[in-house]
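Let's start with one chain on its own, the form predicted on its own, as structure tokens.
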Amino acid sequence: MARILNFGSLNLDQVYRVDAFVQPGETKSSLSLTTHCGGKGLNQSVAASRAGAEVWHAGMIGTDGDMLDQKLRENGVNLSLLERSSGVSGHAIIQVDNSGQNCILLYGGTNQALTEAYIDHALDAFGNEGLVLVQNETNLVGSIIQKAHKRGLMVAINAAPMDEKVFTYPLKLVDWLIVNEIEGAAIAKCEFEVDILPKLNKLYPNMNVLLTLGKRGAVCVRGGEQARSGIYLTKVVDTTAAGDTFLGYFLAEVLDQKSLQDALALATAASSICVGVMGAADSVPLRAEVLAAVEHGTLGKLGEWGGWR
């Protein structure tokens, strides 16, 4: 079974449904407001757990974090390392428009309260077998990467949201980089998508890469092996957590010794189901649901990889 320790962000998502995104200087009424559990870290822990992995979540929540604790717990995530703070949990203000697209404003809160001592404690408790997952929504990401690598653990980073901090991380120690085309081009320091993977390979020859391309599918490379996948043409209600669902399922499959092509296929199916449901963590499908959808063809036919832009 895949084993993952996720030093992950935990957010309370305030989701505002709008006909179109608010523009600078504009005031408008939302069509609805709902509160969901989210944060890339929480979403990815839920996705990996629902995909069948053993997931430990390391992170901090504030006095308002009961909902976050409950969401992870009901999804079978190991919370022995989760700590509480007297501060405010991370949260996000999310606009979702009529096409299902979103824009997100983040506040770090307790996601920025990790300490070196806490990281050491979490790694000691997890042991030296499995993978450590990080995103760019907590503090001390670089330290987590270094400490995990030193212990012989595999390391995966979802370099999102992309900013200058990513360039301070010891990326040469990373086993899996998971990025979209914008993030990948920034890290590879290139203009054209077709150059992302070759340039990343030159900069970080020991790094495996999962590159997502939105509606055109995804590409991944591991050593000399490459796999590509298109998408299912399903109705999009809300894209929140679709990328996190893809990541969680992909890592769970790869760590369980599945082929890259099979891992891409299941991750694609899972994210296709996710976009048909409102919300973040609540929209992540169960493994049985994904397998049934693939078996019965309810998602339609998996499309061809869409190529470089």
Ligand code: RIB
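We number the residues from 1 along the sequence you see. Computed from a predicted model, the values in this text were never measured in an experiment.
The same protein also exists as the form predicted together with alpha-D-ribofuranose (RIB); that form is not shown, yet it is the one meant from here on.
Stretch-level contact check against alpha-D-ribofuranose (RIB) in the predicted complex with heavy atoms at 4.5 Å: of 192-200, 216-224, 87-95, 72-80, the positive one is 87-95. Although the partner is absent here, Ile104 lies within 4.5 Å of alpha-D-ribofuranose (RIB) in the predicted complex, judged by heavy atoms. In the predicted complex, alpha-D-ribofuranose (RIB) sits within 4.5 Å of a heavy atom belonging to Thr240.
alpha-D-ribofuranose (RIB) is not drawn, but in the predicted complex it has a heavy atom within 4.5 Å of Ala280. In the predicted complex, no heavy atom of Glu183 sits within 4.5 Å of alpha-D-ribofuranose (RIB).
Taken together, Lys40, Asn43 and Glu137 are fully in contact with alpha-D-ribofuranose (RIB) in the predicted complex: each brings a heavy atom within 4.5 Å. Residues of 5-25 placing a heavy atom within 4.5 Å of alpha-D-ribofuranose (RIB) in the predicted complex, in sequence order: Asn11, Asp13.
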